[in-house]
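Single chain ahead, by itself, as structure tokens, in the form predicted alone.
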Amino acid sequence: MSRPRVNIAVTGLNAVDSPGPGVPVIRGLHEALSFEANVTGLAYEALEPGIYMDGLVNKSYLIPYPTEGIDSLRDRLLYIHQKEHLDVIIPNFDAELFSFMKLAPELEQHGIHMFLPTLDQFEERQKANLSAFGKKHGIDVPESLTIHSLSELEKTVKSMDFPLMIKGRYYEAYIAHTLEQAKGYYAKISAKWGVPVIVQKFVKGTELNVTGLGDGSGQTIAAVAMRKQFITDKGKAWAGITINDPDLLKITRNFISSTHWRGAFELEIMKSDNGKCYLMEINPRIPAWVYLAIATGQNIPEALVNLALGKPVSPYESYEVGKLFIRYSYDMIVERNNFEQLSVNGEFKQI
């Protein structure tokens, strides 16, 4: 039986030390059983590796950064749609989600579907709002405060014991053991991501993650838990193993049920030495380690596309425990002409 062809555009094609989710998402789309994926890459920079990887995307386009506003993004997406007849777009960066969510109703009128959190859900789970979120939904969250200046940082740390977590509003987190370290991390993060910066009580324990998918009505479509085995200096998992942790999965299902979460997500959990689970972050999109979930039996990108298209999706019941992912670097050779074609014309087609 032939599978329907679905034209899907995907962002997040970078694969550096803090890799985007685009490449593993596309790998999952190509392994989908319910449709044949024709994938278009959406990139912010001409050097994003996913553009040039064999068999990954058929064509790539540069799109404007979120700072250029939603009008520029809309015009670019509709131009791409004229050429590629897009059915679905999967945005994969926190910083771009707001723009895509704002454009969703208009894009839907052109036949372009997405399956994203609501604007209220997106705002409620922001790092700056996480403490209030935890109280509302009955989830333990470490004490955290938002700051907008160095003077505010100095006042804040006097009321909290070191070590402390210093976090950016979108990405990056560091452990500070002294005030000077905290100041340094504040300067580094605020220069890159702006303010506020979040100061959070440090919880000693084991770092765990769950990636999943909610259908928007409170039902859990997918949930896979893993333990980080190797962590980079930016706090990113470079290796991990799937685990069966009933406490973790219970928190995940309660999160989806309580919030009626719509779309993919990642929960970052710290399990303390006494066994208590603390919610550290909620990332409102597919994480970069999602291929581990796909390999263990839950193809989250495939399910997300079907939900976006309004097709019925059955919840995944289980996944393989004890399977590892190990990330690695690979030197890919790219023709200069291909790079120049994308840089000059803003689009590049794989041969």
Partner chain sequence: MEPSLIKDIALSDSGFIFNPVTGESFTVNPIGVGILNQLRLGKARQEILDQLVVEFQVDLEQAERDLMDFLNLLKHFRLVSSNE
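Everything numeric here is computed off the predicted structure, so don't read it as measured data. Numbering follows the first chain given and starts at 1.
There is another form of the same protein, the form predicted in complex with its partner chain; it is not shown, and what comes next is about it.
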Answer yes or no: in the model of the complex, does its partner chain come within 4.5 Å of a heavy atom in every one of 257, 279 and 317?
no
Option touching its partner chain, based on a heavy atom within 4.5 Å in the model of the complex, out of 183, 74, 169, 227:
227
Can you pick out, from 209, 252, 242, 200, the residue that has a heavy atom within 4.5 Å of its partner chain in the model of the complex?
242
Does its partner chain get within 4.5 angstroms of any non-hydrogen atom of residue 120 in the model of the complex?
no
Even though its partner chain is not shown here, does residue 322 get within 4.5 Å of it in the model of the complex, heavy atoms only?
yes
My question is simply whether residue 233 lines the interface with its partner chain in the model of the complex - judged by any non-hydrogen atom within 4.5 Å.
no
Taking its partner chain as it sits in the model of the complex, is residue 161 near enough to touch it, meaning that at least one heavy atom pair lies within 4.5 angstroms?
no
Mind telling me which stretch in 244 to 252, 84 to 92, 108 to 116, 211 to 219 gets its heavy atoms within 4.5 Å of its partner chain in the model of the complex?
244 to 252
Partner contacts in the model of the complex for 149 to 187 (non-hydrogen atom within 4.5 angstroms of its partner chain)
none
